[in-house]
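There is one chain below, alone, in structure tokens, taken in the form predicted on its own.
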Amino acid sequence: MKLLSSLLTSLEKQTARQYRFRGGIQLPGNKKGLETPIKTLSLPDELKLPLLDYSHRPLQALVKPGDAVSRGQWLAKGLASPATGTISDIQHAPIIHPGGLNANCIVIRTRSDAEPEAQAEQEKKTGVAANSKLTAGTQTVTPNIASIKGLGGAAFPLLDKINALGNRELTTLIINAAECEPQIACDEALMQSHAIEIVFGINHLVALTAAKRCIVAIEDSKPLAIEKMLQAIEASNLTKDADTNTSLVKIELKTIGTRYPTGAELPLIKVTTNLDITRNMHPTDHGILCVNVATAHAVGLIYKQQFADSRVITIAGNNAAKPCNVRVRFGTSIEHILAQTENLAAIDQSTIHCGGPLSGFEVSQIDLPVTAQTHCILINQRQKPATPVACIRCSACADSCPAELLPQQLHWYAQANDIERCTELNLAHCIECGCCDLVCPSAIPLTATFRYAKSQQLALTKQAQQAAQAEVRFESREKRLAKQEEARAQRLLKRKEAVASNKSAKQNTDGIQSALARAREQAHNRAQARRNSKKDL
């Protein structure tokens, strides 16, 4: 108790040194399902894995239908199999996406996992033992680190984040344990039940990135998670690294205010370090790296020679029969999750919302596969959507925007499909938090409009890139044809010169032959004259 009391006193001092970001809104917690422990759901008969990377760019499959795969085997670059089984199909199917996007998906017919067999099969296929080393940038990591996706919502691969540092020194590693959006409680449940494993992963992240400082940022509305993490951190700070026998960087726990969207990268950096990252800069330019607490837990699993192919998902909503937090494999369908958690009965009278109530979106079917980005499934009662009315120019959207944008003007230009002006107003920096939607008295769906405009912006960027590439190809073709024409002209000129040279040589040869003929004729005539003279004598 004395130890915990001293820890809480230290924590109060850290809490007093809080900073604040611009914008954001105060929201009620309304988190349920934390009373029960995290339940690991059974492996479904079928897993469906979209062949897309974190930015929805297509991936090339390394397997084909009929292939047997083992858990942990690469199916595509950065995509590992979450189960042992057989590839039954590669099909174009709908995925979880605000625009109802379809994508190529690998379908795995699963069977019970055999860990030793999976490891042996992985070594056989890759030629690399599971505990061997490989180089990532300037760091040495285990091969499976490359399969860890960010579990904070964006699914940005951990290895790409580390490599983005380049040769820069990492001054501060921030572990994002803020979960300020209402109803989402997966990270909080994870900290309550797996604090020791999380801190184990954090220690390996510190060693992996050579961070000089490590901060774990938790909202002050999570007292039990704070207590569990404090105990695990204090125990870890008193130990030594088993590999190097040296003390690790001391982990700091900092409580932050519960204000949405503190969990976004730039607001989190502001409240923990008081550093403002400008739009043309990246946190790594300042030696800062943000990693979600669930990602840190996945790192711990990897270093314990386990698989990081699942995540904790919150099941909640005002029509959920049993709110809870469950661990599921990537590729599991929403339908299987709802059935396993006894939440499938009310589906006909409900809407399914993937993601938080503000940052998420509604989906129209439940056979969609969950991915590393799916941290929450909300089951809400069907309601008639509010009817948007004309904007009254109250500026509430701009006041609440944590990215310091002008949503009102962005909405005008997005409605007019003026993507060039949207780009000038920094549309790409919109984090789609939904604050503007919540405070808008006219009920204008601003976030949905911005999502559409960003997709149009992406399409135009892609079109411009393709046009630039086509121009480069055209110029290369023109240069190639000009070079070929020049070579052809050179060959023709040489041929003409050769013909002229041959003609001149032939003329010279004819002259010599004529002279020789005349000389022979003259000699013959002289000889004939001598013979005639002798006859006359």
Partner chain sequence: MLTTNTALILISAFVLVLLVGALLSRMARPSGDVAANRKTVLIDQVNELLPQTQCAQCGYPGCRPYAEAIVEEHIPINRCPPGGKNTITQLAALLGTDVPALDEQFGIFKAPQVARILEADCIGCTLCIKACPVDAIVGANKLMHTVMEDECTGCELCIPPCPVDCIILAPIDTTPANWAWPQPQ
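Between two forms, the rigid core is the largest collection of C-alphas that superpose within 1.5 Å. Because the structure is a prediction, the values reported are computed rather than measured. Numbering follows the first chain given and starts at 1.
Just so it is clear, the following notes concern the form predicted together with the partner chain, a form of the same protein that is not shown.
**Q** Only one of 446 to 454, 214 to 222, 178 to 186, 295 to 303 has heavy atoms within 4.5 Å of the partner chain in the predicted complex; I'd like to know which.
**A** The contacting stretch here is 446 to 454.
**Q** Even though the partner chain is not shown here, does it sit in the predicted complex so that L27, K228 and T273 each have a heavy atom within 4.5 Å?
**A** Spot residues vs the partner chain: no contact at all.
**Q** Have a look at N102, N318, T86, T171 for me and say which one sits with a heavy atom within 4.5 Å of the partner chain in the predicted complex.
**A** The residue in contact is N102.
**Q** Could you tell me which one of A470, A498, A68, L492 places a heavy atom within 4.5 Å of the partner chain in the predicted complex?
**A** Of the candidates A470, A498, A68, L492, A470 is the one lying within 4.5 Å of the partner chain in the predicted complex.
**Q** Residue-level question: is A414 within 4.5 Å of the partner chain in the predicted complex, judged on heavy atoms?
**A** Answer yes; at least one heavy atom of A414 falls within 4.5 Å of the partner chain in the predicted complex.
**Q** At 4.5 Å between heavy atoms, is I38 in contact with the partner chain in the predicted complex?
**A** Result no; I38 lies far from the partner chain in the predicted complex.
**Q** My question is simply whether L43 lines the interface with the partner chain in the predicted complex - judged by any non-hydrogen atom within 4.5 Å.
**A** Residue-level check for L43: no, no contact with the partner chain.
**Q** Does any heavy atom of A207 come within 4.5 Å of a heavy atom of the partner chain in the predicted complex?
**A** The answer is no: A207 has no heavy atom within 4.5 Å of the partner chain.
**Q** Of 474 to 501, which residues get within 4.5 Å of the partner chain in the predicted complex if you count heavy atoms?
**A** F474, E475, R477, R480, in sequence order.
**Q** After superposition on the rigid core, does the Cα atom of T36 shift by at least 2 Å between the shown form and the other one?
**A** The answer is no; the displacement is under 2 Å.
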